[in-house]
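So this first bit is one chain, no partners, the form predicted alone, shown in structure tokens.
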């Protein structure tokens, strides 16, 4: 069992909600990314989701798109991200790390992903059909989970196929839009997450558009945990000049407290 499985099992046994935090690797630079990963763990994050910079991040809103651009301008490539993970693992071998990105990057770098004990616990590919998993693209590392997205518009038939092809957890997209959008339909979210849970024993994380502690608390009440992305990336950007990320830590700590009540 990898780190992701261990954490998810522990949370389920203790009836605790999971906090997943997203940041773009290399934004504002790789050294800061390493510091931020440790800071997020200190703030109570259970799983780190590392965004892999891509030239055309179609699922992302403007906040994360700009972060991808900044990271690419710093020449952040896949090999440097794997080095980042290895540095993090020196002092933290247990926190799950998920890579989130686009299929071209992962296919191009499948040799690195297939390497044994590379420190990665899961991969979430944004731009492939949910009916496919990593093995369909010759990514066959059995220690890495293939995490899938399900959205409010996913049909019932497709939901069943997607959960059957997935491992680790299901990422439920709470909005019809890109990351950083708003306007939740709470009744729809609750209904759809219940539908997914009726088809699978895998945990379901709710993400996209969570900004406030109130948002996080409500969505955590329907799901097994929440994914916070754009709000963290925005705070990182606003504090990148001085590289003082205390506000990031305070924000994440507040989210953790909100979903733990």
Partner chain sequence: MKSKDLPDKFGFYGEYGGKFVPETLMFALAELEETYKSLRDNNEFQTEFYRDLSQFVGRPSPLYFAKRLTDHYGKASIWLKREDLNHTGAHKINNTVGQILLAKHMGKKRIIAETGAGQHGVATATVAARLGLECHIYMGTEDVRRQSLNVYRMKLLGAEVHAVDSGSATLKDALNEALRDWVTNIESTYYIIGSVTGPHPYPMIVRDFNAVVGKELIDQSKELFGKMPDAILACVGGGSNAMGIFYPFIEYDEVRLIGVEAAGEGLKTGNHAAPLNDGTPGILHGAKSYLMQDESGQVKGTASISAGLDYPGVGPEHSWLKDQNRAQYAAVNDSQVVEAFHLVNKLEGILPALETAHAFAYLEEFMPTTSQDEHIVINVSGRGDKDINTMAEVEGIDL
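Numbering follows the first chain given and starts at 1. Keep in mind that what you see is a predicted model, and the values were worked out from it rather than measured.
Although not depicted, the form predicted in complex with its partner chain is the subject of the following passage.
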| query | finding |
| --- | --- |
| Option touching its partner chain, based on a heavy atom within 4.5 Å in the model of the complex, out of 65, 192, 32, 231 | 65 |
| One residue of 86, 104, 80, 92 in contact with its partner chain, assessed in the model of the complex (non-hydrogen atom, 4.5 angstroms) | 104 |
| Stretch in contact, per heavy atom within 4.5 angstroms of its partner chain in the model of the complex, of 72-80, 115-123, 139-147, 93-101 | 72-80 |
| Close approach of residue 56 to its partner chain in the model of the complex, 4.5 Å, heavy atom | yes |
| Close approach of residue 108 to its partner chain in the model of the complex, 4.5 Å, heavy atom | yes |
| Its partner chain contact at residue 154 in the model of the complex, heavy atom, 4.5 Å | yes |
| Contact flag, residue 160 vs its partner chain in the model of the complex, heavy atom cut 4.5 Å | no |
